[in-house]
Ligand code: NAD
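Listed next as structure tokens is one chain, alone, in the form predicted alone.
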Amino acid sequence: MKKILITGGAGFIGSHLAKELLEKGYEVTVMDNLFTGNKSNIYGLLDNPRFSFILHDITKPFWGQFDEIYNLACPASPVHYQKNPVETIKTSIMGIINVLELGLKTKAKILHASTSEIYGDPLQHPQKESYWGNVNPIGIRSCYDEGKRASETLCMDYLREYDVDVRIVRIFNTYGPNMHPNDGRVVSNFIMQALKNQDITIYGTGNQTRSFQYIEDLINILIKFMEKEKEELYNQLKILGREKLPIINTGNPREVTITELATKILQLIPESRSKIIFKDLPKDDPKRRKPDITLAKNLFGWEPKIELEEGLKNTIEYFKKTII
């Protein structure tokens, strides 16, 4: 039976991943310090004999024998990572070192969750994996942006120097059930404001764009990427001109303006009395985001299937339960 560790597994993405891997019949261990994760996300898994939970901060060394490690540990929303920027960058850098050291010693396969934030406020559109990004290294977002960029550097150095089997996924905006209601992300913000009849706050003109990927689509590609055999993966990457660069974007390439998102959410919550208001755009907030997912399509035949309206309906129903 395959043994799998998910760091940050009590969070939004990790809890969905743990559930799916258990359904596949694997033995799953979740490690989390509960800084942004929530044990309620995994309550339904605790009775499963193939599931275990470890309360631990991955900036501290740890040990275990696993076949695969999904590294998802890191605050991922501005509200959370700006609240404690030093811990955020420590989690990205010290955390991935501990994960990579464990992978080196035990031959575990590693999938590292990176982010579209490594592209910063991009000058290339859409963003391809070959793009180096446009990031402010000393801004209020840099604890996360540069932390993730440094963690990618470490992954690639361990791959090149020690042949650690590591894969990197750059995740674009993802939403769905189990999101923290107060995480400051635009989907959760707008839904919670609409449900509470508060003004829906748009920062900037509202013309800035994002691409919104439903959680189910993300989990699908994470597992496909992890389960691809190393030799086959590298052969395919070589053919595609990305030799020994196991890095893919994952996201929904449909570009949506922030105003369009707010309007759609209000349409799906017709009882809401909320109105849209505008405030100044925060510093270093990116103007456009759209992933180029050509590589994921070529490697796995993958593309997102859940349309925005369907995903928002599911997410709204989840948030309605959280405020009852």
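The structure displayed is predicted, hence computed values, not measured ones. Residue numbers here begin at 1 and follow the sequence given.
The same protein has a further form, the form predicted together with the named molecule, not shown here; the description that follows concerns it.
Heavy atom within 4.5 Å of the named molecule in the model of the complex - residue from Thr115, Ser142, Asn98, Asn220
Exactly one listed residue reaches within 4.5 Å, namely Thr115.
Sort through Ser272, Thr59, Thr29, Thr294 and report the residue having a heavy atom within 4.5 Å of the named molecule in the model of the complex.
Flagged contact: Thr59.
Would you please decide whether Asn249 lies within 4.5 angstroms of the named molecule in the model of the complex, comparing each non-hydrogen atom pair?
Close contact is absent here: in the model of the complex, Asn249 is far from the named molecule, nothing within 4.5 Å, heavy atoms only.
My question is simply whether Ala10 lines the interface with the named molecule in the model of the complex - judged by any non-hydrogen atom within 4.5 Å.
Residue-level check for Ala10: yes, a contact with the named molecule.
Exercise: Phe66 in contact with the named molecule in the model of the complex, heavy atom 4.5 Å
Heavy-atom contact with the named molecule at 4.5 Å: absent for Phe66.
Answer for Ile171 alone: is it within 4.5 Å of the named molecule in the model of the complex, judged on heavy atom distances?
So Ile171 counts as contacting the named molecule.
Heavy atoms, 4.5 Å, the named molecule in the model of the complex: which of 226-234, 142-150, 120-128, 156-164 makes the cut? Say which one.
One stretch meets the cut-off, namely 142-150.
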